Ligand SMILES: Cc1ncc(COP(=O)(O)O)c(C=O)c1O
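A lone chain, given as structure tokens: the form predicted on its own.
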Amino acid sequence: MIYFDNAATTLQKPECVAEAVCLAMHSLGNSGRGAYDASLEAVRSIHEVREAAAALLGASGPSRIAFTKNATEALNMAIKGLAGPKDHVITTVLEHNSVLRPLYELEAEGTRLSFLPCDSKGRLCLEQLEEQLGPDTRAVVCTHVSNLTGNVTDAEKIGAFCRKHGLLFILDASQSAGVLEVNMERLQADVICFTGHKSLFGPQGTGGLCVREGVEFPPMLSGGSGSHSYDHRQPSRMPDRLEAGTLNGHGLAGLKAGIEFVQRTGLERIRAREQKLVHRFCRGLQDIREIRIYGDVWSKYHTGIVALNLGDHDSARVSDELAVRFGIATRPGAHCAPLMHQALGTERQGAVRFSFSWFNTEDEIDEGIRALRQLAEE
């Protein structure tokens, strides 16, 4: 199988990730639940993952990293914890449902929402930010990279806008962590939500929040924390405040190995590799009249995602043909990004998304081009 669905989850991981998970399965107890070797080893292991994530994301310290099972959980915690019925929140049409649905729930309770539009190539109209600002504006919530087009949002500009106007900035780094530099201080973000199983090459079931010092919100869950057991409420200190119950220590050990692989390889090399694959792919499709590509794929503000359609054929049918006849894995449909499809005019047809990673090869790209060419000829 040729795997081109890395924006959903990376399938090919560095060997060190599987080795770290296997070792953790046989060595880690429950962190903070005992003074014996296996429990203490779990404490040390999880702290090391916090340190690695904090260094990657520019946190002020490891305690500002709280782990969740994915970015969706992290985004729900941040959005619902920081915005309320009397607030106004600015977001964008690029967003994934992990941002949109929590916001719609808040809207039903009285929160006012505004959506920053995009142009025909899916690029945000950032010049309209000032127009959407109101006296009740509380926060801006946006994705760093569109999971549909691969376009990169100018998060640094949005962060500066938020600081200027005293707003909170919540950034969804699901598609950027592990490919782009995601630095809390440089981007002036208040909360960065990330997942482990995409470009950080970690196992599924890992993710978290990077929370700026001084930013606080209530926990979404309450329960065991291994500390302050006689208190009626969840401990107030980070990260215990946001981590109820047993953490996925085995998965987090794999996440640490994934982060270390990314750091050893280098973000610039990873991004350059993905862009090289994207450009090779798009050049190979340029003379196929039936192919329509979405997004600003030739821009430097783009990652390893290419969304396309073949004529007026349903995207699910094209993706199925690629899988069954050519052994090529892609993702069709709406990609949990309904407003983006509405903006691009692909709401009914959807799109076939190809998403590349460090481990894809030029030969695989050429096979993808040949498969699409054959389907177009037929």
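No experiment lies behind these values; they were computed from the predicted model shown. All residue numbers are counted from 1 along the displayed sequence.
Keep in mind that the form predicted in complex with the named molecule is not shown, yet the notes after this line are about it.
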For this session: Tell me, please, which stretch of 295-303, 120-128, 142-150, 106-114 lies within 4.5 angstroms of the named molecule in the predicted complex when heavy atoms are compared?
Result: 142-150
Problem set entry | Single option in Asn183, Thr72, Asn248, Gln234 placed near the named molecule in the predicted complex, where near means a heavy atom within 4.5 Å | Thr72
Problem set entry | Contact test in the predicted complex: His96 vs the named molecule, heavy atoms, 4.5 Å | yes
Problem set entry | Non-hydrogen atom contact Ser174 with the named molecule in the predicted complex at 4.5 angstroms | yes
Exercise. Is the gap between Arg271 and the named molecule in the predicted complex 4.5 Å or less for some heavy atom pair?
Worked result: no
For this session: Tell me, yes or no, whether His197 is in contact with the named molecule in the predicted complex, where a contact means a heavy atom of each within 4.5 Å.
Result: yes
